[in-house]
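Given as structure tokens, the chain that follows is alone and in the form predicted alone.
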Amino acid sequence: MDKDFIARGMQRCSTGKFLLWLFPWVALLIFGVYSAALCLIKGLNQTNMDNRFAFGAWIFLDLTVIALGAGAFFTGFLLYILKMKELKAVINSAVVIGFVCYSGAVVVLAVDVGQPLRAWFTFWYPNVHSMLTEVTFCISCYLMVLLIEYIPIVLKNRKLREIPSMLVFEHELHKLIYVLAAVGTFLSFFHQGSLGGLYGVLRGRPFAFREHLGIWPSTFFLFILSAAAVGPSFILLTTWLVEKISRKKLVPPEALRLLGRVSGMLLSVYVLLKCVDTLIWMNRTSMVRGFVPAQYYAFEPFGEWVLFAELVLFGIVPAAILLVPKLREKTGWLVSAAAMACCGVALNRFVQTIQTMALPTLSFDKFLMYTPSWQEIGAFLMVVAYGVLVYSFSFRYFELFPQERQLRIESAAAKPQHETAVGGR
């Protein structure tokens, strides 16, 4: 019934199967909206956050989502600025993923603030001494950039292209793509860094506090580098998942291998600098302030295994796999390394947010563990469901993968030749 809205030459499932796929995600979205409404109507007493855990599950998950969504700006930077033409096969998908991640993060932050009607205060009464002010401005502006980049993808819909004015509008927007890529890269670099710098300046939290390079703590640069490193891995991972779910070849293997190679190079640099930063923190920063580094890992479940998992298991190992050409050519190794890299950045954001708040900083403080309430979990699941729904509609009705049609034709042409060769033998 909706075949007239699907691009010509694209094969999609029937409307019934598509609605069946949407049903659980719509149900999850309704549950999430109910959870968020409770937090907005009754207040943040619906959560398990308090004065000690002002940064809870929402902030941790927001930081993770924003880091994974960095694939949008970095893929655009590689394609339009550095001219890596192979990434044209995934750029539309990267824009949708970035738009979903950033818009979802803004929604969760509105719930986290508790008074979204006063959200405009941060723009009208900005605290110029706070890194969060810069983060708010950059995220808001970059979300607008992603929206402008998403509009041409929508306007390429089969029905909308029949309207001349829409066709002209899409063509004019496409002329701005290089400017948007540069602006998006600039905005993303700064807000990713400021999110990390926020923890690096917490002098009252010696577990997170770091030495400064110029006016910025080292975490400022580490957050930028980690986001740029795992962004391509997340694009690689989501593309592979969409191919498996849709049972279609969407991008050439060269594009996925390039994403893996870029991610591997940046991840290796990040892990190296992260190890240096950790050694300086252990031998200088923490000791000068009277804290033995081992005491930070004396509380369960935050043992030394957390540090090992972050630096070695989800850092050095995936970086080594992605840097070896023979391993990148094998899909299993490539996808596994990309998934490990994404887990690594999630673990890093968890450590910075939850472990930092849980550890005592004064002699009379106690170790406190925090478990999110079901309302917090439901509000974030709302964002997950929203993201899946937006991406599902985009995949069905827009051309997220420009080479899909060509790959299907090539696959269909090669199949009879393969069958003839097998029959001949």
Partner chain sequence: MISENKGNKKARYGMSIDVDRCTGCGGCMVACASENNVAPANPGANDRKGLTWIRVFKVDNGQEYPNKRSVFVPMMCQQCGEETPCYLACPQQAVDVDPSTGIVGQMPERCLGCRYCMAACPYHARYFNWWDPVWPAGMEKTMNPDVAPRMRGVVEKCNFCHGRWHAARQKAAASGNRVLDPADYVPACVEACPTGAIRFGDLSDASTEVARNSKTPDSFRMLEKLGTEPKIYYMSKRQWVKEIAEAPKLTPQKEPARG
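Positions refer to the first chain, counted from 1. None of the values given here were measured: they were computed from a predicted structure.
Quick note: we don't show the form predicted in complex with the partner chain, though the next part is all about it.
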query	finding
Triple contact flag L132, G204 and Y370 to the partner chain in the predicted complex, non-hydrogen atom at 4.5 angstroms	yes
Stretch from 66-74, 28-36, 53-61, 378-386 whose residues place a heavy atom within 4.5 Å of the partner chain in the predicted complex	53-61
The partner chain contact at V390 in the predicted complex, heavy atom, 4.5 Å	no
F350: touches the partner chain in the predicted complex, heavy atom cutoff 4.5 angstroms	no
The partner chain contact in the predicted complex: R284, any heavy atom under 4.5 Å	no
The partner chain contact in the predicted complex: V288, any heavy atom under 4.5 Å	yes
Listed residue that, although the partner chain is not shown, lies within 4.5 Å of it in the predicted complex (heavy atoms), from L241, V292, I81, V312	V292
Sequence-ordered residues of 114-135 touching the partner chain in the predicted complex, heavy atom within 4.5 Å	G114, Q115, R118, A119, F121, T122, Y125, P126, N127, H129, S130, M131, L132, T133
